Ligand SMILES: Nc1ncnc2c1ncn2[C@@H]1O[C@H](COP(=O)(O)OP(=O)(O)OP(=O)(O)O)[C@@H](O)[C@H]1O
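Here we start with a single chain on its own, the form predicted alone, put down as structure tokens.
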């Protein structure tokens, strides 16, 4: 489903990724690990064409992403949900409106948006907060909103960049349980983290250390 083949990435002649090689099968739960600055976020961004490799190939469903034309990228991103480390919620939009944004960009409106957004907010236990604004929410609630926004289009892959990095242990457990529940339904998950405790408690998930791949 996903393949990184001899991927290198440099900024200002400094390589942060060197000869990265791995594959991900449909339905897997993968941890992407490595120290701060190792390129975990960059690795995830390559799958949405937010970044391109300096050398090598990144493939999704057989398509080489670095060769996509600009007009093709929005269609790729409808298949991949991205949970950013800093949430990236719009402060002047309600929870419902933030989650609905991706559907609106895809040209979906009306009753379909109401149905899909309501269902995903219930799944992450935020339906009662649908009319509130992000700044009135706790950190965990903001993260759940970001997860709902990433999942509302039923993507094939969920990418999560340090989704528990700024949360306490109890809230982190809730976030991981939500992500696991969608993985159990068939969504492929790639989660970037440096939290060894989180990885140790996951059991069946596969770990890819990008400094050693």
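Since this is a predicted model, take the numbers as computed values, not measurements. Residue numbers count along the first chain shown, from 1.
Beyond what is shown, the protein has a form predicted in complex with the named molecule; the following relates to that form.
Student: Given that the partner is absent here, state which listed stretch (148-156, 169-177, 52-60, 31-39) has heavy atoms within 4.5 Å of the named molecule in the model of the complex.
Tutor: Correct option: 31-39.
Student: Of these, 106, 118, 85, 97, which has a heavy atom no more than 4.5 Å from the named molecule in the model of the complex?
Tutor: The residue from 106, 118, 85, 97 that makes the contact is 85.
Student: Can you pick out, from 198, 189, 16, 20, the residue that has a heavy atom within 4.5 Å of the named molecule in the model of the complex?
Tutor: Result of the distance check: 16.
Student: What I'd like checked is whether 11, 162 and 194 together line the named molecule in the model of the complex, meaning each has a non-hydrogen atom within 4.5 Å of it.
Tutor: Yes, the whole trio is in contact, each within 4.5 Å by some heavy atom.
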